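Quick heads-up: it's one chain on its own, the form predicted on its own, in structure tokens.
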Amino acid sequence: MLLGNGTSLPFTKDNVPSHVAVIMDGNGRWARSRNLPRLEGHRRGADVARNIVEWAADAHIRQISLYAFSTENWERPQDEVNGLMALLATILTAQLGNMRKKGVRLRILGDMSALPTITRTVIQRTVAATAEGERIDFILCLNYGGQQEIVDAARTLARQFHEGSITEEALDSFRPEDFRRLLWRDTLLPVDLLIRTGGECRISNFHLWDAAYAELYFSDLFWPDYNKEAFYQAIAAYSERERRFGLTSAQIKSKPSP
């Protein structure tokens, strides 16, 4: 596969994941190793976040979701939380024109109600202004937690049953795909590849529902050091894996091509 500048990639357009999710870990440790404030690590990491959306679009990935702020991150020092919220508003404001020019559509996964008013206003304005973007969906996961998402869907289902909008018979035949429609992600593509940087090997309450069959890839690089080569290595590794979804390899190979 060739990029517009003639660069050869170790995968083809036909075998890239449709939705890549990234846990951007290591900002604080990167900063500490350089005797810098933690917020400086987040600033450097924001540059990589901007770049990875472009790298993903170049690779014909349809959606990329970045874990920017979890429901647990509110427990961090207040000055770091405040700095992150201000940084987010500043970056989105600065990048709005570029996102529109490059066909990037911003979408949000998570509960924005707890975010500061200024940050929430900037996010809403950016989402509206990029709604026509068709090149790639950039899904910013803010105040997001996978357990919280599933609990919220369970509450919705219980409420529907209590109100009589779903019958006991329908509940008995409820399938996983029916439940997914109640999740916050109901309009998103399933996650195909979940990448975590920073050397940790866990998913930290991120995309729990889709992680059931997502391919996992872990990088030792701190997020501010993450680069295009490392990202494309992850995509290449994904393209070489056989996704069986509970079937045998022989069954997968005997399936007719779509």
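What you are looking at is a predicted structure, and each value in this text was computed from that prediction instead of being measured. Start at 1 with the first residue shown and count on from there.
The next section is about a form of this same protein that is not shown, the form predicted together with a small molecule.
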Note to self: The chain here is shown without the small molecule. Which stretch in 126-134, 73-81, 154-162, 113-121 comes within 4.5 angstroms of it in the predicted bound form, by heavy atom distance?
What the structure shows: 73-81
Check: Every residue in D25, G28 and I91 with a non-hydrogen atom within 4.5 Å of the small molecule in the predicted bound form?
Finding: yes
Next item on the list: Determine whether any heavy atom of L87 comes within 4.5 Å of a heavy atom of the small molecule in the predicted bound form, and answer yes or no.
Entry: yes
Notebook entry, point to check: Does any heavy atom of L109 come within 4.5 Å of a heavy atom of the small molecule in the predicted bound form?
Noted result: no
Notebook entry, point to check: Is L188 a contact residue for the small molecule in the predicted bound form, using a 4.5 Å heavy atom cut-off?
Noted result: no
Check: At the 4.5 Å heavy atom threshold, is L140 in contact with the small molecule in the predicted bound form?
Finding: yes
